[in-house]
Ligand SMILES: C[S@@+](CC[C@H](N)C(=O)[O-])C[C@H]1O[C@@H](n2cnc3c(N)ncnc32)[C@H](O)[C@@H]1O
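Given as structure tokens, the chain that follows is alone and in the form predicted alone.
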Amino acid sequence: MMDIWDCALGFMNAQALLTAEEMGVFDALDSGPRTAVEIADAVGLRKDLAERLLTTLCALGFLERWPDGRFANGPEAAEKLVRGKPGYVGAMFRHIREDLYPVWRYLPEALADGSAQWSRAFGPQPAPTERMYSDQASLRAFLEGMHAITYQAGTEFSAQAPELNGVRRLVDVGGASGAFLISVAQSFRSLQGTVFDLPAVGPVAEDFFRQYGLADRLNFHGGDFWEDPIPAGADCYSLGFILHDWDMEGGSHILARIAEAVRPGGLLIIGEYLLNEDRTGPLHVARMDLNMLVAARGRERTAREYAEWIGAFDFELQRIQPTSMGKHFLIARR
């Protein structure tokens, strides 16, 4: 059980981390240990105020303080919080800071009426997750933040997925930056693939295809799965963090489209967080389930719930592959 005060005051930890990343503290330490004065100068703070933030970051384990008084990035910060590193996740922090923080203020209201709380947080305008598609900078930052998380999980999955040996073509529905498709294509050299997503996503995905040297095997197909047909005839379709965004009606629409498009005997790969069957956790999934309540239309589910759901569309769950990222991959065949 988490300590009550650690839980109640957890927002302070989050703000210290999000603020330090936004100010560039971890970037300033990428070249090596620096004194508090040097860090303060780099990020534009007074030394005494910078030291207070640095002390908290040390206490949280993101920074280390050397015997000579200099500060250095800890292992996780060096890997995930420095801009430009392959594992950088800080691009997602803008979404957390500017979108999720305000909407979570209305968790009580979400629990009372069962709906997303964007209008209470931001007034009568489209939700930030919808507005970002008209702002390439915001969209790219969000997709780049998601990329590192999805790519690592996909790489782990691909190393243990013999079912993909016979797959010639994979369509990743709602595939965003192409992170999952890229990770699979790197492991299975004969596989070709398509990301199917809203047209605004295309430039980001295509940039990643070129970055990984896979533009000859991977492509982007712009469309809206509510209105446009999903590319048909592939022998494998994937959905990564898509079904949890939707209620049963919305998710069933997507599954029906895939069932129409897939070849007989084809695969369906679903990447999601999974709740325990007794619904006691794990914490990161239970927390995300509440996030789906305040900020989306969907929910997190158990493996059994997913198996029964896709079974209604003649997909039989064959196995579940966990990853160290907490994401599970459900492999089903039609």
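The first residue of the sequence shown is number 1, and the count goes up from there. Note that the coordinates shown come from a computational prediction; the quantities given were computed from them, not determined experimentally.
Same protein, other form: the form predicted in complex with the named molecule, not shown, and the subject of what follows.
**Q** Which one, 73-81, 260-268, 98-106, 167-175, holds residues whose non-hydrogen atoms are within 4.5 Å of the named molecule in the predicted complex?
**A** Every other range fails; the passing one is 167-175.
**Q** Even though the named molecule is not shown here, does it sit in the predicted complex so that Asp27, Val89 and Phe93 each have a heavy atom within 4.5 Å?
**A** Not a single residue of the candidate spot has a heavy atom within 4.5 Å of the named molecule in the predicted complex.
**Q** Examine Asp224 and determine whether its closest non-hydrogen atom to the named molecule in the predicted complex is within 4.5 angstroms.
**A** Heavy-atom contact with the named molecule at 4.5 Å: present for Asp224.
**Q** Considering non-hydrogen atoms and a 4.5 Å limit, does the named molecule approach Asp197 in the predicted complex?
**A** Looking in the predicted complex, residue contacts with the named molecule include Asp197, since a heavy atom lies within 4.5 Å.
**Q** Taking the named molecule as it sits in the predicted complex, is Leu218 near enough to touch it, meaning that at least one heavy atom pair lies within 4.5 angstroms?
**A** No.
**Q** My question is simply whether Pro128 lines the interface with the named molecule in the predicted complex - judged by any non-hydrogen atom within 4.5 Å.
**A** Looking in the predicted complex, residue contacts with the named molecule do not include Pro128, since no heavy atom lies within 4.5 Å.
**Q** Looking at Tyr212, Phe188, Phe122, Tyr133 here, can you tell me which has any non-hydrogen atom within 4.5 angstroms of the named molecule in the predicted complex?
**A** When the named molecule is considered in the predicted complex, the option within 4.5 Å is Tyr133.
**Q** Of the residues Ile242, Val184, Ala234, Ala116, which one places a heavy atom within 4.5 Å of the named molecule in the predicted complex?
**A** For this set of options, the contacting one is Ile242.
**Q** Do any residues of 147-173 have a non-hydrogen atom within 4.5 angstroms of the named molecule in the predicted complex? If so, which ones, in sequence order?
**A** Result: Thr150 alone.
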